[in-house]
Each structure stands twice: as structure tokens, then as C-alpha cells.
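The chain below stands alone and is given as C-alpha cells, in the form predicted alone.
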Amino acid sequence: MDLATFAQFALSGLTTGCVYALVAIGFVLCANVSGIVNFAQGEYVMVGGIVTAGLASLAVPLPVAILVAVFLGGVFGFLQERVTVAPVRRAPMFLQATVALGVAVVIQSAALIVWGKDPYGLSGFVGDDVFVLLGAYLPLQALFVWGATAAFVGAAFYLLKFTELGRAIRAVAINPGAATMMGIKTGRMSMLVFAASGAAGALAGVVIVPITSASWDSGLEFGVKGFTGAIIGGFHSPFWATAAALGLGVLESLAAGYVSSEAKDIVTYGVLLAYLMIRGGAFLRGRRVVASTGGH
């Protein structure tokens, strides 16, 4: 196996995995603090990318376009929590999931109306040159993707571990009732987490759009892959979700490179299915049934 070829596939997958990781963190934080799986999380990646590229195409300065995109992601996350999450917090889980899916459809439809069907591209933040790492040729934009992910994960780690706000968020995630008795406003924590998750998704879209482009439906894939990473990571720790999402990105890139481009989704969902079956004890129970039948 050629090391340069392996590095090309693995590092390219790491870049995509960074976007999955930012989405996965949003899934984990929202689910643990609010109890709701935010199926609209991937759409914030689309919002970040399409708003940045769209504004840049209108001659808006790039830094302004980036700030607007990330700000909108945070605002949309805040509005989603206030308008659609808080009112159904005590509703059955299927209703909460349906509302979250409805939000995703609304965001998609709004993007289609505002920006149209054509994808939007964007030049790299510092040009379209490449750099070489371990024999792999990568766009300079990949450094921005890696850097943004590292910065957000580091900030999240510091916030959750070493600040009073972070301790309050963790308290709500562990036991909302006890947190309320201690004077922590659980609704406010949920609102902050949704806003931060929306901004994180938009940030992912901002840094990846020069590499992948963005369109009204581009958030679906990122949402599904981020959700997969969150599940494999256990859906409890944002840091395990990050590790799982990064690994998922690398794995599907290797599959696409060494097998075929169609193989990456097969590998991704195959890993998810195997993980769920193992965690659910399907194979263990199956052996027990066989053993029991044989005993009779």
C-alpha cells in the first residue's frame, strides 16, 4: 500500500469528518440538554455555506459574509428552540422528532426559495493553492476546516469543564429536575445550547463550502453522517462523538478511494448497523436462542 495514496484518502476524509464532528457535537448537546434529537442540525451546515457563498457572490466582503452566516446559524438555532422545542418539551418523543424534521424541511424550502436550485461555490479563503502532507496534496482550505474544528472542540471542552455555565449545562444534562431545584434555568440552558449548535453547524458550512460547494439540499448528507457519528460515539459525550465522526469521515474516504465512490455510504451505514446490533445484543440473544433450542 502506497503511503502517499493512503494519506491522500485519509486526510481528505479527516477534512470531511471535521464537518461531521461539528454536526455530531450539536446533536449530542441538544439531545442531552433538551431531550430532543435535533434532526435539523445538518441544515445549519447548509445555511452557513450557502449564505457565505451567496453573499460573497453579491460582492459582500468575505469576513462580513462569514460573520453573517455564523450569526444566522445561531439565531436560527435560538428561534428553533424557542418556537418549536420549548412548546413540545413534554410531548411524546415521536411528536418532538416530527417537529424537528418539520424544521429541517422549512429551512430547506426557504433556502430553495431564496437561493434557488443551483449550487454555490466559493474560492478558498487564502486562494486555491495546495500543500503537501505525508505525500498527500490537500487544499489550503483544509487547514481552515481543521483549525475551526479544533478551536470549537477546545472551546467546548473548556466551557463544559471549567466554567460555571458549563457546569450548569452538564447538570441539566445529567438531571434536569435536580438542576431546577438548584436554581438552574433549564429552559435557558436549552436555548443557549441550540444557539451554539446552530452556530457550530453554520461554521462547519462556512469552512467547507470552498471545497464542496453548497446548495439548498446539501445539509441532508452532513446531518445524516453527523447523526451517525453521534450514535457511534454513544450520544452522551461530545468528545466521543467528535472522535467517532472523524473516524467515520476517514473510513468512508478510504472506502471510496480503495473500493468505489458508491462504497462509502455502504460502509458508513454498515458500520452503524453493526454497532446498533452489537449494542442491542442482537448477536448475543441470537446465540442464546440457538443454544436454548439445541438444549431442548
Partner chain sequence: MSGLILRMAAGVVLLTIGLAPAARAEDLVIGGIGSMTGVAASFDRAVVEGIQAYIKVWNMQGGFKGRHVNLQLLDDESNAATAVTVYRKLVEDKSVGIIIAASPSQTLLAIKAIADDYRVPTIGSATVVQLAVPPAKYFFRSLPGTDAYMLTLINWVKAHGWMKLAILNPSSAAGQSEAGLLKKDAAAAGVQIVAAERYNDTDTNFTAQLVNIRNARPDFFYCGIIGGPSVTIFKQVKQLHLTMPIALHSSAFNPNFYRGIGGVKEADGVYSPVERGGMAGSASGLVAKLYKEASDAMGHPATNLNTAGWDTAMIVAHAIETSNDTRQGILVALENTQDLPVIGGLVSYGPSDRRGKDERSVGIGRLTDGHFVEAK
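Positions refer to the first chain, counted from 1. Since the structure is predicted, the reported quantities are computational estimates derived from the model, not experimental observations.
There is another form of this protein, the form predicted together with the partner chain, and it is not shown here; the text below is about that form.
Across the proposed site, 58, 123 and 222 without exception bring a heavy atom within 4.5 Å of the partner chain in the predicted complex.
Contact check for residue 157: no non-hydrogen atom falls within 4.5 Å of the partner chain in the predicted complex. Not displayed here, the partner chain is approached by residue 130 to within 4.5 Å at the level of heavy atoms in the predicted complex.
In the predicted complex, at least one heavy atom of residue 137 sits within 4.5 Å of the partner chain. By the criterion of a heavy atom within 4.5 Å, residue 268 is excluded from the residues contacting the partner chain in the predicted complex. Here the chain stands by itself, but in the predicted complex one stretch of 66 to 74, 259 to 267, 33 to 41, 239 to 247, 259 to 267, has heavy atoms within 4.5 Å of the partner chain.
The partner is not shown here, but in the predicted complex the stretch 196 to 214 reaches within 4.5 angstroms of the partner chain through a heavy atom at 210, 211, 212, 213.
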